[in-house]
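First, one chain by itself in structure tokens, the form predicted alone.
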């Protein structure tokens, strides 16, 4: 009886203790883009929403400009939970989640509007879930608009023939190197941080990226003054969370993080459109020559790349093509 009375007393005492508030959390977020860049600002806004929704219990501390390392390092830190949230390119996810490589193929999207319709719909949701379900130890939160990538070179480019003999930096994925080779150039895999010096010293003759990156990386202040608007790659970027950190959140907080991430996805889009317009104007004012090209010529030239890398995505590519 004494034991029973003791248990009852303990139970009553516990019921009188007020529930402990959930612990305050500061989520570390990393981005290789500089402060003020659309992806950075969108995640900062996401943090403000989380802070408001939780009365300050959850916050995001943003580390832009690769201060926590380049993408390979930030992904590794996110996988072990040292970083909670990261904006990363699909190139570093492809080896672990092969399905996302479908977005990496040249001209898989007709234009930016088509890409946005795909990532906002069922296909975008399915690929986020594949990232979450994979062994990558990452949770897919949402998509970011990485814009359309075009060529900037030391000599003007109008057709694939103009790229003959030109060494052009590509992201370090065989698919991208093959894309440049198919377009007529000589694709060179190189880390982003090395491009400026390589352009200055003649190690490469050009690179490819969107207008905001071309400007903010200062690549326009090299001999590569011609911007051929090929739009050969339209690659969304992904916002991920560490699975280690995600599993520590309550279901309610997980839902809140996902909701705020999707809002950040739309925030970034509006910021991105303004950024492209602003930086295009700045590049033109700096003397950069924008060259309109016949994209179909480059589309046709890259058909072997889509055949080679898209063979395993035949059904998915058809579904992407069918999205209006």
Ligand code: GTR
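Residue numbers count along the first chain shown, from 1. Fair warning: this is a prediction, and the values are worked out from it, not measured in the lab.
Another form, the form predicted together with beta-D-galactopyranuronic acid, is not on view; read the next lines as being about it.
A residue is said to contact a partner when one of its heavy atoms sits within 4.5 Å of a partner heavy atom; residue 237 meets this definition for beta-D-galactopyranuronic acid in the model of the complex. Contact between residue 209 and beta-D-galactopyranuronic acid in the model of the complex is found at the 4.5 Å heavy atom cutoff. A residue is said to contact a partner when one of its heavy atoms sits within 4.5 Å of a partner heavy atom; residue 232 fails this definition for beta-D-galactopyranuronic acid in the model of the complex, lying far away. Using a 4.5 angstroms threshold between heavy atoms, residue 265 stays clear of beta-D-galactopyranuronic acid in the model of the complex. Contact with beta-D-galactopyranuronic acid in the model of the complex, defined as any heavy atom within 4.5 Å, is confined among 198 to 206, 224 to 232, 168 to 176, 106 to 114 to 168 to 176. Highlighted residues 99, 132 and 243: none comes within 4.5 Å of beta-D-galactopyranuronic acid in the model of the complex, counting any heavy atom.
Screening 84, 153, 213, 150 for any heavy atom within 4.5 Å of beta-D-galactopyranuronic acid in the model of the complex leaves a single hit, 213. This chain is displayed alone, yet in the model of the complex one of 183, 119, 88, 138 has a heavy atom within 4.5 Å of beta-D-galactopyranuronic acid; that residue is 88.
No residues of 294 to 320 lie near beta-D-galactopyranuronic acid in the model of the complex, the criterion being any heavy atom within 4.5 Å.
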